[in-house]
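Below sits a lone chain in structure tokens, taken as the form predicted on its own.
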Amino acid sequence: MRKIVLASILFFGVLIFGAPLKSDSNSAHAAAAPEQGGTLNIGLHIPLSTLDWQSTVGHPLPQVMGHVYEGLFGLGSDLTAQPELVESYKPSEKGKVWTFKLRTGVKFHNGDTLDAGDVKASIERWRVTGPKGTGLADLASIATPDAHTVVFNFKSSMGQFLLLLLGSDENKAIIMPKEVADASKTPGQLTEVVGTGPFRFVEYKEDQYARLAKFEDYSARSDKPNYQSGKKVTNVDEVIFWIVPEASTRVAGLEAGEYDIITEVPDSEAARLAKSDTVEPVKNGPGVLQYMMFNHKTGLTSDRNIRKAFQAMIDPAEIASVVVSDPAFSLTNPSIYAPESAYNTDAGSAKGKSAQEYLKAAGYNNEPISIQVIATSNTQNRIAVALVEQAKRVGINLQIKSYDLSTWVANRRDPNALNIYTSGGYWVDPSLWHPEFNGTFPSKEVGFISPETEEIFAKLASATTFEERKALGEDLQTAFYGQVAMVNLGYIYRLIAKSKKVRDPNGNLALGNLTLHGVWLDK
């Protein structure tokens, strides 16, 4: 009998992705014919808060429902949006009209065939229920001139960011049958879980497990596998996601053969697991950027020379190394875009004068500058201690102020309380920075905004080719670094682990949300 572990307090983390920690035996099997059948058992770190992926950004919906549902687009291995249910697409010259041609012969799990009406109804529901659906606020109408054509008409220019908006797995614009979308008006409440993905939903036992089964009538793309897009192959008969909140229980279950893959493994386990004959660690990304945020409107940090001094003093390798137990899970990279992103660049990252020169230009006289941390956040506290030491070396009087969560949130909005705080996240597209750097975050009284970056964000919103957006992304990073909108403190990675019986020829387990396409089990 499989043991089910419950917990009263759960951490809703974000599973991320990157390069494998070490090479496994997959390469030796990549050319071999995959074995068919069997059950893949996953030790999942948190339960499903809902079955309605359209209505939440919460995990672990992408890990589970990413196999049940598809969208018009999905993420490719370079983290750009690639066609999924779309056969082809074309924007008008100024991006106000986007025309999508759908793949033909795609079946839903209930036997119906996908058509344009399903897409329209699904997108209209996502606009209302989805946290990210507000990105379509400028959408005037959706037309369906025939069964396989969908036309988005915008009030103003909409650039290629639209594709990422539709394909992002954080809160995906998934496609369901029209009758399900129309009948499911309330966020978080679906009448049925019916998609077009390679697995169909079977059941969810709350706080125990979610079960998926192979969809025998799945219609795969013909192009090569490409993470969440491209050709998807299903080799196992079913997948069971067991809810196991305790990390030690997940690790023990993996080593005992109870689970084939487990999520959210402490990086302190990496070295030990790497020596095992039966299991192996897999590093996940994209790298999570740790970064420093400032009060840009008042106080010492409103002086660009002070911010430049911090920028000049930072040793990101030293900071990243104190955040993780294993140095293999930290990385120094000059970009504000994840190392795995197609937008990653070193533009504008070259340092100028020394920290002491910037402090002299600012007329700094050892006045205290505070960095606020959440008392219970190990990551923030470790970073702050390292920053205090680095500041001392260059003559900055940096002091740590520790608060409970609610006070920390309130103080970072207060111009009279905030100097500096740190945060973390990953960005695979330049436009994703705009919500935090448009002058309103964390409040209008402290947030960063500039005419230069606002102009770049506006151009990014309307650019319809990747080449345009790539160049604009470099411009944005150069502006961020030149004005010290934030300071790059280095990247960290997370860890999953798997049995060596699990074969993953496409490397998808190192690319994020447990994308199991192509995976098989050695008998």
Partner chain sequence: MFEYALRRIISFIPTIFITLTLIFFITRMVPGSPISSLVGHQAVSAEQIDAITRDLGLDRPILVQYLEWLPHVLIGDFGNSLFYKQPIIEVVAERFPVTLYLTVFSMIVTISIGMPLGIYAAIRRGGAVDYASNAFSSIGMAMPSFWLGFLLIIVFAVSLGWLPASGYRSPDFGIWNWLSRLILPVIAQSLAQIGLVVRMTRASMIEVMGQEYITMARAKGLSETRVVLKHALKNAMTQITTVIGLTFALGLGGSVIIENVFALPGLGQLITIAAIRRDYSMLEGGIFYLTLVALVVNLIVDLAYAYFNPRIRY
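All values reported here derive from a predicted model rather than from experimental measurement. Residue numbers count along the first chain shown, from 1.
One more form of this protein exists, namely the form predicted in complex with the partner chain; it is left out here, but the text below deals with it.
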Original post:
If contact means any heavy atom within 4.5 Å, which of 224-232, 147-155, 100-108, 438-446 contacts the partner chain in the predicted bound form?
Top reply: 438-446
Original post:
Which one, Thr113, Ser248, Asn416, Ser276, lies within 4.5 Å of the partner chain in the predicted bound form by heavy atoms?
Top reply: Ser248
**OP:** Tell me, out of Gly299, Pro339, Gly76, Pro131, which residue has a non-hydrogen atom within 4.5 angstroms of the partner chain in the predicted bound form.
**Re:** Pro131
Original post:
Looking in the predicted bound form, is the partner chain within 4.5 Å of a heavy atom from each of Phe329, Glu455 and Leu472?
Top reply: no
Subject >> Exercise: Arg211 in contact with the partner chain in the predicted bound form, heavy atom 4.5 Å >> reply: yes
Subject >> Heavy atom of Phe199 within 4.5 Å of the partner chain in the predicted bound form >> reply: no
**OP:** Answer yes if any heavy atom of Thr407 is within 4.5 Å of a heavy atom of the partner chain in the predicted bound form; otherwise answer no.
**Re:** yes
Original post:
Do Val244 and the partner chain come within 4.5 Å of each other in the predicted bound form, heavy atoms counted?
Top reply: yes
